[in-house]
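First, one chain by itself: the form predicted alone, in structure tokens.
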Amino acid sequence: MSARSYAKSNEALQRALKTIPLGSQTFSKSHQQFPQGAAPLFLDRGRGGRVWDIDGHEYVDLICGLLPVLLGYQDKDVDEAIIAQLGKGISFSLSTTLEFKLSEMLVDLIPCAEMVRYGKNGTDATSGAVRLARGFTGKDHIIALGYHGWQDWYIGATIKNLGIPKSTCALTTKVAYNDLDALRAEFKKFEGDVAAVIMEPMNTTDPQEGYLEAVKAMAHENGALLIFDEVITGFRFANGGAQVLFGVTPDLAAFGKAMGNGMPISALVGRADVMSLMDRIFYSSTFGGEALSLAASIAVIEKMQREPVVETLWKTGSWLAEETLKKIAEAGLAQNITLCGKAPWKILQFADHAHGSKEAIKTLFLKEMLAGGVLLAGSHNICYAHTKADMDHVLKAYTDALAVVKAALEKPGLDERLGIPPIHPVFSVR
């Protein structure tokens, strides 16, 4: 099945590397995260739930821009809102009424939202939340559970911390999800100096019963704030985010990705008494009120309230996950490939086999899925525009790719026979 030519992509990469470190603006979209020489690296266009690369190949897109593309490419309602605003202007010398129109919608939709400030990406919102929590509590230490962006305060706690002062790295510690004892130990270790617990309310694993409630109670007992990073879960798990799905309201929350269907916008929302400190901490940007993204976000939320967007994500994602797991079992690979997480965002997990490492298995699998016309990086990022035909196409690609993986694992030495370097993650995100 691996017969596609990616000549134009490979040529474009060599050109890009001359002027762009990594050849891409995003680690997860770069050549490092795809099978070397056997993957598309540059896209030309998208429509609905599909994209086309610069070599002319068509794919069902299960990456969806790393989750911002919630409704699908070229969504009519969002595009019309952008075009209408483009006729008026993009960035202005003063604020526009779009700012408070969107903020009022977010306050109505999100349980913890009493006030709102905007950013351009998830890192803006999470970093603003951390600065706000430190300003509100007068404390410095942050406990993190999940992935929260590229700023020093968080990335310093990972192995990707080159260029970050050691003193900054020491101010954030990471704790395992669903482990209350570990969280309690961190509070004791930094007793009296924890400003906030920032966490993805869920990523790969469901919260244990009472876990989120216990985290909130522990934070408040220790004079800290609870921050939900809903950059992914917001507008994907429920219209008002995972805090609606799980019934736990944080003090602050960061939203982003899907709220603009691909336009660059994020939001920091939360309690009014905390958010009111925004006039004292410095959180200010030239493009915070950029009008095209605000118009797009208003159109996204209006569509989500008018149509069964989230319900469709759950339905489509559930069907694909169930059928995929059947195919994996039929191929005898259930011990090596599985899915975890919620239906709108199912994450593939790989395990070592006696004849090949999990990295080699994933690399071969992705290579074959790409050859079968599915753009996949390791998760099912479902969008509203994905059709039954799209999902049938994905399932057919799974069938063929799993057959190749099964055959490859019938004899030892997959890593050596692979012919290309196995893909390794940038770092352990979760």
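Computed from a prediction, not measured in an experiment: that's the story for all the values here. So that there is no doubt, residue numbering starts at 1 and follows the sequence shown.
Just so you know, the form predicted together with a small molecule exists too; it's not on screen, but the next bit is about it.
Annotated contact segment (heavy atom within 4.5 Å of the small molecule in the predicted complex): 144-152, selected among 292-300, 110-118, 144-152, 91-99. Under a 4.5 angstroms non-hydrogen atom cutoff, the small molecule in the predicted complex has residue 257 among its neighbouring residues. Contact check for residue 324: no non-hydrogen atom falls within 4.5 Å of the small molecule in the predicted complex. Proximity of residue 252 to the small molecule in the predicted complex: non-hydrogen atoms within 4.5 Å are absent; the residue sits far from the partner.
Residue 123 belongs to the set of residues with a heavy atom inside 4.5 Å of the small molecule in the predicted complex. No residue of the trio 44, 51 and 53 has any heavy atom within 4.5 Å of the small molecule in the predicted complex. Put simply, of 268, 224, 78, 231 only one has a heavy atom within 4.5 Å of the small molecule in the predicted complex, and it is 231.
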